[in-house]
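Only one chain is given next, in structure tokens, and it is the form predicted on its own.
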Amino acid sequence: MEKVSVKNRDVVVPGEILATGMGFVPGNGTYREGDNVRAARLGLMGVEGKVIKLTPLAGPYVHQVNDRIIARVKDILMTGWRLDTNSAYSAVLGLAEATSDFIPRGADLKQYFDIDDWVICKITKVTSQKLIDVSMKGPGLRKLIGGRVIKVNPAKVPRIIGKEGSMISLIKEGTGADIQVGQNGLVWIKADPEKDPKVEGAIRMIEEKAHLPGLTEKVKESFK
């Protein structure tokens, strides 16, 4: 008999039986053992049709092509910039991907991006040796001027952003802040001084209570 053993969005632990029956398909974070689909990690239960999957509640950021990340310039190279990506691996922003402007040979690259500048960029390439290339060409990709950057659990980023950007839009509307969320677990906030604590407070609430129902209403209440 086919059945789902755990409610959608319940927290599950490694090895827990999530569903029974060969009609169910193990997705991200799950595996099949005989007739059962089990959890491979700590996470939130998710069911999409017959696919059983988990949203992780912890774990390091894993670089993926097309991810938008927030990164800090850590070195200036002959051919571009090396970026700190909040992980064990740095990324390279090449001259051709940094700007549409023509950069002459020998130009002072600090006039574009200097050490400790923050940028939001897009991953364009990840090799098997974890060599990462990024680009600044695309909507919303830019140097982040002013504001501040906070770290969050990378596994909670989808919940902080919300479905189709709903949660982050709620925070922006409630505080008037400019917010950029990187999938690598960095969030840039630029807000009025009196609203800044409310922005971070809302983000921390989502991070800590990502698995709980009624989170949207709790975030709305925090702005009152």
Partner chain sequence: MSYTKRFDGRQFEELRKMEAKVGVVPSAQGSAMFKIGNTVAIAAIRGPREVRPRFMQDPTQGLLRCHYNMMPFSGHGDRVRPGGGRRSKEISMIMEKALRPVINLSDFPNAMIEVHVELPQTDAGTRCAGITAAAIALAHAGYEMKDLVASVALGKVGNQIVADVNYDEEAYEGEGGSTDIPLAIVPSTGEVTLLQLDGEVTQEELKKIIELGTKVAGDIFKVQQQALKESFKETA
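Computed from a predicted structure; not experimentally measured. Positions refer to the first chain, counted from 1. By rigid core we mean the largest C-alpha set that fits within 1.5 Å across both forms.
Keep in mind that the form predicted in complex with its partner chain is missing from the display, and what follows is about it.
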Self-check item: Interface membership of residue 110, its partner chain in the predicted bound form, 4.5 Å heavy atom rule
Solution: no
Quiz prompt | Non-hydrogen atom contact residue 142 with its partner chain in the predicted bound form at 4.5 angstroms | solution = no
Quiz item: So, in the predicted bound form, is residue 33 in contact with its partner chain at a 4.5 angstroms heavy atom limit?
Solution: yes
Practice problem: Answer yes if any heavy atom of residue 165 is within 4.5 Å of a heavy atom of its partner chain in the predicted bound form; otherwise answer no. | Solution: no
Practice problem: Using a 4.5 Å heavy atom cut-off, indicate which stretch of 38-46, 182-190, 65-73, 157-165 touches its partner chain in the predicted bound form. | Solution: 38-46
Quiz item: At 4.5 angstroms, heavy atoms only, are 115, 117 and 138 all close to its partner chain in the predicted bound form?
Solution: no
Quiz prompt | Stretch 89-113 - residues with a heavy atom within 4.5 Å of its partner chain in the predicted bound form | solution = 89
Practice problem: State yes or no: after fitting on the rigid core, is the Cα displacement of residue 38 between the shown form and the other one at least 2 Å? | Solution: yes
Quiz item: Relative to the superposed rigid core, does the CA atom of residue 206 travel 2 Å or more between the shown form and the other one?
Solution: no
